[in-house]
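Given next, in structure tokens, is a single chain: the form predicted alone.
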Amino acid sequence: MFENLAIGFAAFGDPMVWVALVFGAFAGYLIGAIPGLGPSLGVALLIPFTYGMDPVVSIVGLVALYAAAEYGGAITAVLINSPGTAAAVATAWDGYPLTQQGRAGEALSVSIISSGIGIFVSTALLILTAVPLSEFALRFGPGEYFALALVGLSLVAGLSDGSPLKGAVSMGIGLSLATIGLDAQTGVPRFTGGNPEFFEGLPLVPVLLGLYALSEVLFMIEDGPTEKKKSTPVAGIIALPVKTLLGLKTVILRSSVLGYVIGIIPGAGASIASFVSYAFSRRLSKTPERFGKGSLEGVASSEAANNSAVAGALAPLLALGIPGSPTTAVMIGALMVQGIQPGPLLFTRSPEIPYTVFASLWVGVPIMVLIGLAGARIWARVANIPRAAIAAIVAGICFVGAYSSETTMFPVHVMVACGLMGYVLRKLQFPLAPIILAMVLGEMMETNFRRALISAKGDWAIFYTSPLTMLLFTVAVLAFVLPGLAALRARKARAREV
């Protein structure tokens, strides 16, 4: 492991890796600070710029953007009570009251330092857990892989915001899209309408750009000009007593571990990690009455957790090939564009990829902290950019990125169609993440299902004689059923109150 980790750090001998790291951090801060964008859209927009890049350079840039964007949302949350990301909502509960008290510098300092420590601690946990997890997964047969893919889909569908049924419907849409193209085993066209352009299936990058980015542009156009809150002037953000930081060490470390554990669960993500950590810290605090009124503990717990969830979401992605968050679902598209298949074999076939990711998270911590502290005045003003200008820039990147993927108009048409579909689904409050996950994992499910039956000569017992397969099936069923039962109980409780 240490030899491979040394390979990861050795990658930083290439100046382009440093350029990718710094550029990704800057871009992440800008995107994270703009309310409504967030890391998923940021990664999707950056993918077209990675065409032709070295895989290591492109992945370092994407991971840096992901980590920085998760923190970037805290800047506007603290200064103007307008969270740039969903995970920064809990940060605003205490960050903005601190700004109203004239302590914006303290809040920003605590948020970025907590974020840095959260990434550092969670990366150490990622290194310790990802490799054993991938080594264990190498023992899987086709039956186990089929069940594992089913678990990934069921967790995301069950943990989606709102109705679990809507999450399941979104997953079904993704699986339907995944069947378009030539059958991998028979070569028979499926749902292509006789159009040869569909023979290779739907191109993933245009689908990502359409669902996430173009649909957001349509919402910006619909909203029109919105009233802007002026940024609060920032001064002295580095002037924070060391004693104050040391007093938060327990909160930060506890929230970092908790955020990583929650981040590992596919579909949970940084938002859930942030809210759970905030509630946990408030319950254990000696001064819970300060929470919501300007508590540095509240800011530290939220930011440490949502940033440590970044490394947590990367664990199942790298070790099992299952995204741990909507952003890592988008990142799978970036890996596939580079010809890289995430999963347990990644650590043996291309160890430079996962270990450079580990190294970049550690190397990037001081850089991101420095950029975050020094550039807070700039990031705070990002929220003042007119929405019309943001919409135009994002739309331009969408069309250019889609066309560049294959240098034909077919992916542009796919992107526009997916953008309209994403807009309608979001209006109806259907989650988009299960669609991407189903498209990515659909092929894995189908291929391993058929391989399992072929290896067992058509005997379905292969799916229920293996204890591990049965365990995974049980987890998948519970992930589908439990959220639905919880929603049903909540509905009955509201009916009784009425």
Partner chain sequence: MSEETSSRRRWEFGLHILRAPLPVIELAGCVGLFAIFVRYFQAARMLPQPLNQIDIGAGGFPLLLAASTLIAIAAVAVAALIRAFGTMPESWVSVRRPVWVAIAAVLLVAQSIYFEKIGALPSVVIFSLATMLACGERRISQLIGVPLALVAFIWAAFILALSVNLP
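Given the structure is predicted, the values throughout are model-derived calculations rather than measurements. Residue numbers count along the first chain shown, from 1.
Absent from the display: the form predicted together with its partner chain. The rest refers to it.
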task: Evaluate V242 for contact with its partner chain in the predicted complex, applying a 4.5 angstroms cut-off between non-hydrogen atoms, and reply yes or no.
output: no
query: Heavy atoms within 4.5 Å of its partner chain in the predicted complex: does Y29 have any?
result: no
field: Heavy atom of P467 within 4.5 Å of its partner chain in the predicted complex
entry: no
query: Is there any non-hydrogen atom of P431 lying within 4.5 Å of its partner chain in the predicted complex?
result: no
message: For the interface check, one of 168 to 176, 120 to 128, 293 to 301, 253 to 261 should have non-hydrogen atoms within 4.5 Å of its partner chain in the predicted complex; which one?
response: 168 to 176
- line: The listed residue (E200, D223, E289, E135) that reaches within 4.5 Å of its partner chain in the predicted complex by any heavy atom is D223
- request: Please pick, from F140, F280, W362, Y403, the one residue with any non-hydrogen atom lying within 4.5 angstroms of its partner chain in the predicted complex.
  value: Y403
message: Using a 4.5 Å heavy atom cutoff, which residues in 43 to 58 contact its partner chain in the predicted complex? It's fine if the answer is none.
response: P48, F49, Y51
